[in-house]
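So this first bit is one chain, no partners, the form predicted alone, shown in structure tokens.
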Amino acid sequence: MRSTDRLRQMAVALIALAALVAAGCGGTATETTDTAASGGEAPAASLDRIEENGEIVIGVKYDVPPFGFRNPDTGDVEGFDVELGRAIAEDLGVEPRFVEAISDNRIPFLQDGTVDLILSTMTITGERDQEIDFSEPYYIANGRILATKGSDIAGLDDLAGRPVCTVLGSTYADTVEERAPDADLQLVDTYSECLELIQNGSVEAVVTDDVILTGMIIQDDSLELVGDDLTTEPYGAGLRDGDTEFQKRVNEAIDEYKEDGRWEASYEEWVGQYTGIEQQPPTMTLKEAIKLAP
């Protein structure tokens, strides 16, 4: 079982990484595959190719504890999404290789062949489903607001005129613009940048999924969630559009992961021990998820 102190240690490392990301990113992973580097047309993500290579390349977050983060002590990538990725790879009989996929480059990485699969806190939406395919939902998050303890921010109405952070490529840019249009929205590349901005006072709130915000609270207990749930965010594994055979195998692996107790064990290790909230694997279907967030 990971300790709270261990995750808190990541704050320093993640803030240091944020400066590097801000200086050099704009959609570039810290690791890429040969396919992306070639600049040629990406092949379809076929099971035959994955099995022939003996490897599946999975895009995950590197700065979002407890779902995907690089352990500053070991250099390993860990978290709830990472554990699910390992389970899918094991089901396919191949080795997983994890690369960083920030919110703004998740779909391009699938389309250009940088990755075979995305497990990067990605909400299933109808708009995204026009560009890629999704697995059945594997986690249900909720949109929330993060503020400093003692702040007078208690909900969306209090964001008017205040600097608010979220990331490029997330659903929350639209959420804030639509539901708090007078907020001073600041878009950055990574959630570690949002954490740094609220810590140094450059923004007064961060808006995103509750599990991502929980990871920030683990790193800095001067922060807290405020207000009611804003949205319901069903997470799905992303894969290239039209790859139905691969989609079927991924769904089978996720279903088994939910049914045999591994989902609950991973949830308790990475999420439940910090939130104190019990949760069961989601039963929402992909069609229901798309309808929920068109």
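All residue numbers are counted from 1 along the displayed sequence. What you are looking at is a predicted structure, and each value in this text was computed from that prediction instead of being measured.
Not on display, but discussed next: the form predicted together with a small molecule.
In the model of the complex, the small molecule sits within 4.5 Å of a heavy atom of residue 122. When the small molecule is considered in the model of the complex, residue 172 lines it closely, a heavy atom lying within 4.5 Å. Using a 4.5 angstroms limit between non-hydrogen atoms, residue 128 touches the small molecule in the model of the complex.
At a distance threshold of 4.5 angstroms between non-hydrogen atoms, residue 240 is out of contact with the small molecule in the model of the complex.
Among the residues 98, 138, 191, 80, the one placing a heavy atom within 4.5 Å of the small molecule in the model of the complex is 191. Stretch-level contact analysis of 265-273, 227-235, 51-59, 247-255 against the small molecule in the model of the complex, using heavy atoms and a 4.5 Å limit, identifies 227-235.
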